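Taking the form predicted alone, here's one chain by itself in structure tokens.
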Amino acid sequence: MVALLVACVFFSLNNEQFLSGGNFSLIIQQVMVVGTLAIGQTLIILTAGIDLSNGAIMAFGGIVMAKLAADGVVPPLVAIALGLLVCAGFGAVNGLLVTAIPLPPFIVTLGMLNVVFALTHIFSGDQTVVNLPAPLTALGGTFAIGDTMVTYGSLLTILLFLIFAYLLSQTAWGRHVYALGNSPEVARLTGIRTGRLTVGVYTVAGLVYGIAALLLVSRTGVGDPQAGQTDNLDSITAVVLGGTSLFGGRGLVVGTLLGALIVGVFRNGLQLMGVPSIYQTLITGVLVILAVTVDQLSRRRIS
């Protein structure tokens, strides 16, 4: 929170447009897709896992929704439901491979990244899907708050953060997720079905990726097979900057929201200052290294 406030003060002093309502609305629109992906990534990292395939899964889900609806194969709402189910299915497969064989989450999701990336291009024929029906772009619509235009998708993203903040902090399921990340063996000995829980977490994360796919389609108005290629790393960046430990068992989904906003504020502010995009990437990388360093030092202090 302090880092976010300091960044806002710094950029507002360097560009008078930064504090405008329209600019803040733009920042939220820019981070809503990655922020939604980062919710699912947070769930998985809390279990001491990681998901490199989330951006690719999102892209495939978006193509499924867009192509089925645009081609008239099924009604638009059914196309959306099928896209969500496909994304949840890929998440479930990831979870099963992590638990049943078992394989390291890094290897499983790295392989799934390539599989889903290829399927996206095969299914789409490397063609961008256009002329989407209204239900697929509805979340890209806007309404006015004063002089500021806000998208419905932005509200959905904030609602998702509130829902998962409640689930992780106020339910038994959330406590089990933290316990699994802290020590799978201890969690198992206390009666938690760790295998089933892990598969469930990956499946829920996949469903969230499907919602991110719908947000992406609604914002761009097309189904793009090239989408999401760097969003997996951007989602990890948001989670790490938000204070969630890569070693599992510690972190808050609200912190992930702040992490996503920090990335969005830095990129937006630097762009307003005329800083080339390559330096924006450089600064983001430095922030990630600093965040992981702080996490590592704090773990040593606790131990």
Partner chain sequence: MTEPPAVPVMQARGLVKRYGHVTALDGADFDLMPGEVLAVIGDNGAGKTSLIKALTGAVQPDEGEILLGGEPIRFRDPLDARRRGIETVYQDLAVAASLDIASNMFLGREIRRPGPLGTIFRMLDHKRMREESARHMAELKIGLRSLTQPVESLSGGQRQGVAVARAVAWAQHVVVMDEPTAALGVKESGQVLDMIRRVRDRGLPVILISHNMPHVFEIADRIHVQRLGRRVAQLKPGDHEMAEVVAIMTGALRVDASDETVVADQGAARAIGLS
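Values in this document were obtained by computation on a predicted structure and should not be read as measured data. Numbering follows the first chain given and starts at 1.
Not pictured, yet referred to below: the form predicted in complex with the partner chain.
Proximity of Ser169 to the partner chain in the predicted complex falls within the 4.5 Å heavy atom cutoff.
Residue contact check for Ala179: one or more of its heavy atoms lie within 4.5 Å of the partner chain in the predicted complex. Taking the partner from elsewhere, Leu160 is found to have every heavy atom lying beyond 4.5 Å of the partner chain in the predicted complex. The closest heavy atom approach of Gly146 to the partner chain in the predicted complex falls outside 4.5 Å. You can rule out all but one of 242-250, 49-57, 258-266, 34-42: in the predicted complex, only 242-250 has residues with a heavy atom within 4.5 Å of the partner chain. Only one of Val186, Leu155, Ile122, Leu85 comes within 4.5 Å of the partner chain in the predicted complex through a heavy atom, and that residue is Val186. With the partner omitted here, the residue from Thr142, Thr190, Asn114, Asn131 that has a non-hydrogen atom within 4.5 angstroms of the partner chain in the predicted complex is Thr190.
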